[in-house]
Ligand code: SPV
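Next comes just one chain, in structure tokens: the form predicted alone.
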Amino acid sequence: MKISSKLLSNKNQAILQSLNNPKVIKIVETYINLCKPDKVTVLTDTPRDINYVRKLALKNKEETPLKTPGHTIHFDGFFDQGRDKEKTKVLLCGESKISKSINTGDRESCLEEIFSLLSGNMKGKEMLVSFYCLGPTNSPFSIPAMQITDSAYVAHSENMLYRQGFGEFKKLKDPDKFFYFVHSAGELENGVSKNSDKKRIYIDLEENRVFSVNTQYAGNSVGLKKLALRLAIKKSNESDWLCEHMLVLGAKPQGKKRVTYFTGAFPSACGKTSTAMIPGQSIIGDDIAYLKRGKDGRCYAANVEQGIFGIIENVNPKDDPLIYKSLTTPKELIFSNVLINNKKPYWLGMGRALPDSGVNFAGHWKLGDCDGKDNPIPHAHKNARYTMRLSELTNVNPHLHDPSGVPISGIIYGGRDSDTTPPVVESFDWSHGVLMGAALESETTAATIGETGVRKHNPMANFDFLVVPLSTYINNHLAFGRKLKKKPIIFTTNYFIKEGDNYLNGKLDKKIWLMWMEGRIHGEYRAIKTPIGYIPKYEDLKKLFWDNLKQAYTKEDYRKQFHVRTGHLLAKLERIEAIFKIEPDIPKAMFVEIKKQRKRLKTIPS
């Protein structure tokens, strides 16, 4: 099969033909004819093609070089600074149903709309066709994925964030088994998407594809990130594995040779990347993981990605020394939506004085500038980001690309909670731990468009991305654990507990909670049984604080952080139970766990 379009050169035709995949060729031809680009380039895994995209992003002025070698800056539009939940829809047919809180659309009418928006939307632009692999290559975790986009910034980001997958497509046994993504930034004005009112992100589960148009923000446009996450969640829930919004790290206590592997689910801006980058530990991934049962019956996890698209606010040399060093030394790195002054990047909370003028996400900016509602425009956006390869980090784990993944001994669920949950709690068993994850709440931040500071229910920190009923998702977690010969221990953490306006946790304290969890897995610490789970003993934390941070830890610190806030905890159970009652077919095990925890809490004073 050959594409008839004159836009495809003989070289590009030959590249596509070498895949021996009629579906790929049909897709490419369809969107050439629909989007009407001026040029089409098919990219492979070669360094030459990867470099072509990098240079094209600069040529198109989607990125601009900065003073530090390898660093560039990219800006999204003023109204395109986070994942747009309102404009993101899961397309459903007829009587298909998922959780009521998920934004959905009628498949037929939404496809008609998106095809209309894409029609001619690449005129005057170059269409890039790229191939990637979600998960390590040559692995049980591998899922091939194809990206079609008119944005060199998107393709450049994906080249940094994901493993090249042209080779994976070449050896596909079933030519239909891949994801694909179609993106157009649309008409540009001053280098950013102009028609934000026509922004659409549509997830078509029937065809394992996602469309995004009139947007540049990576969470909406980089198909292999949170958009592919939705497709993989559907795929995993139809099988016997888990697709999770999780970090993967290797924890290594001081003076010991062992490495203990954890996954961890945290909603955006709740400390996930900084947890994955705790000093002295090794990072495998900071965002998305696939969890599968190994031949030995244990849980194994692999990072879907090979890079980081991280929130940069408050990254500073004191609290996040590893990340800060990476952001301030030469390497291939994309900043987005920070302030640029004299070709240097500045972001909120970086520990340095910020200039009073420069270029930021609003354009040319000076201190005192306001938006259309008289709100002051900050130096940099609170959801400003950085994109880089994990291989650039000194603490990257050597098993990052291991086809087998790494064996998981602990699972961490962490939210942003100012008044309810202690800094670290261990579950009683797998079912109780699943409730901990399913009952996760977090106070909203700038990572999503909308009001901040609102408490949201976010089961497993994955609720924004669910494309199956919540009942199916929870059931599959319960079933996954039942099938494991050795289950990971489930913990919760909370870095944001407050007394008044003051946080009770220091930013480096997360290392202590991790070291306690690691020690519990190996039976090194005793714990106190409370109505909500096991918590640390004061003496163990006192020693851990001194050994790891050379910091005194007082009994008053311990009392404030770990006393059981009965009233708040009971109120949370009421909220979660009410949500579960609205959702159809929530497993009875969740209501049993809620009932048991409520009974335990009522035995102690509020």
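We number the residues from 1 along the sequence you see. The structure displayed is predicted, hence computed values, not measured ones.
Separately, the form predicted in complex with the named molecule exists; it is not shown, and the next lines address it.
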query: All of 225, 268 and 309 with a heavy atom within 4.5 Å of the named molecule in the model of the complex; finding: yes
query: Listed residue that, although the named molecule is not shown, lies within 4.5 Å of it in the model of the complex (heavy atoms), from 510, 520, 245, 487; finding: 245
query: Contact residue in the model of the complex, chosen from 158, 426, 287, 320 - any heavy atom within 4.5 Å of the named molecule; finding: 287
query: Proximity to the named molecule in the model of the complex (heavy atom, within 4.5 Å), stretch among 141 to 149, 179 to 187, 211 to 219, 429 to 437; finding: 211 to 219
query: Contact label in the model of the complex: residue 87 to the named molecule, heavy atom within 4.5 Å; finding: no
query: Residue 107: touches the named molecule in the model of the complex, heavy atom cutoff 4.5 angstroms; finding: no
query: Contact of residue 385 with the named molecule in the model of the complex (heavy atom, 4.5 Å); finding: yes
query: Any non-hydrogen atom of residue 83 within 4.5 angstroms of the named molecule in the model of the complex; finding: yes
